[in-house]
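One chain comes next, on its own, written out as structure tokens in the form predicted alone.
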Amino acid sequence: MIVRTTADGVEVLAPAKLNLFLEILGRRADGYHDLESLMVTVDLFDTLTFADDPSGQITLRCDDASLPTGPENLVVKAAESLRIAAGCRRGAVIELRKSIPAQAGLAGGSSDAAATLTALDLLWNLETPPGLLDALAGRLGSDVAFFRHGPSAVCRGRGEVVEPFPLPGPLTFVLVCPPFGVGTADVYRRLTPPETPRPIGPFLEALASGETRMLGTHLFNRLQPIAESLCPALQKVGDALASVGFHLDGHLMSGSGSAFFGLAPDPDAAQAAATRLATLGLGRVRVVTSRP
């Protein structure tokens, strides 16, 4: 994330993420699933601004009327969890401008929650220990902790166990966001963990090599077939990415969907693929780059 102090408070650019590898290791006793995933942040951002409110109220305003702005929103949950942990009574007015689509597998809500923890800790001068912020992030949601430690990392457990994994260089993607979402809970309800999970080691070796052609052959997402069975229109997105394969070294769905990405060998190839895909009426198409 990118954090800036302003005359009125704090502004944060909260990035989207892509899963380049996602395997499900098994079902946990608490109903969640143990996973192993390599995630990277990309330069698609929500923008959040935070201003102090002496009244002690937490107020969230959002430019997307379809999103709730009450206590069920992860941003509000993050703010309240930090206040309770710190014993703080201060309030904040939070403005959220959305660019990351919801239910797309890009973790916009989780990124916004991580941004809230960081921004309010700064705005309220709390100096919260990093370990406590990590713990709060892990309790808020599976992907929130990743955004505290990005830009690229292997995530395990529910996603809250984060091991940074630096990239050898920037990666360029074509991102396709269909005009519909996929419910994460719906996908996981239909998931049967594999008897023999795919090991992440060969993928990490390919990633460390810096060779996008090799990396493209190791992209993997256990959830993609399930999401496609729930929403057959997703298969058209994958087929479209395959049709421009001469520009791309591989393609995959991110998270539980609905967004797909194509891995390009260079920005020119990515732009050529994006131009072609934009004519197919699949949804929003843009070129994004992994964050350094």
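Keep in mind the model is a prediction, meaning the values are calculated, not measured. We number the residues from 1 along the sequence you see.
Omitted from view is the form predicted in complex with a small molecule, to which the following refers.
Asks: Going by heavy atom distances of 4.5 angstroms or less, which of T128, S81, T184, T217 would be at the interface with the small molecule in the predicted complex?
Replies: By the 4.5 Å heavy-atom cutoff, the listed residue in contact is T184.
Asks: Check each of H149, R198, R97, R158 and return the one that places a heavy atom within 4.5 angstroms of the small molecule in the predicted complex.
Replies: Exactly one listed residue reaches within 4.5 Å, namely R158.
Asks: Within 4.5 Å of the small molecule in the predicted complex, counting heavy atoms only, one of 258-266, 239-247, 27-35, 58-66 shows up; tell me which.
Replies: Of the options, only 27-35 has residues within 4.5 Å of the partner.
Asks: At the 4.5 Å heavy atom threshold, is Y188 in contact with the small molecule in the predicted complex?
Replies: It does: once the small molecule is placed as it appears in the predicted complex, Y188 has a heavy atom within 4.5 Å of it.
Asks: Give a yes or no for T172: in the predicted complex, does one of its heavy atoms lie within 4.5 Å of a heavy atom belonging to the small molecule?
Replies: Heavy-atom contact with the small molecule at 4.5 Å: absent for T172.
Asks: Quick one: does T212 come within 4.5 Å of the small molecule in the predicted complex, counting heavy atoms only?
Replies: Result no; T212 lies far from the small molecule in the predicted complex.
Asks: Taking the small molecule as it sits in the predicted complex, is G109 near enough to touch it, meaning that at least one heavy atom pair lies within 4.5 angstroms?
Replies: No, G109 stays farther than 4.5 Å from the small molecule in the predicted complex.
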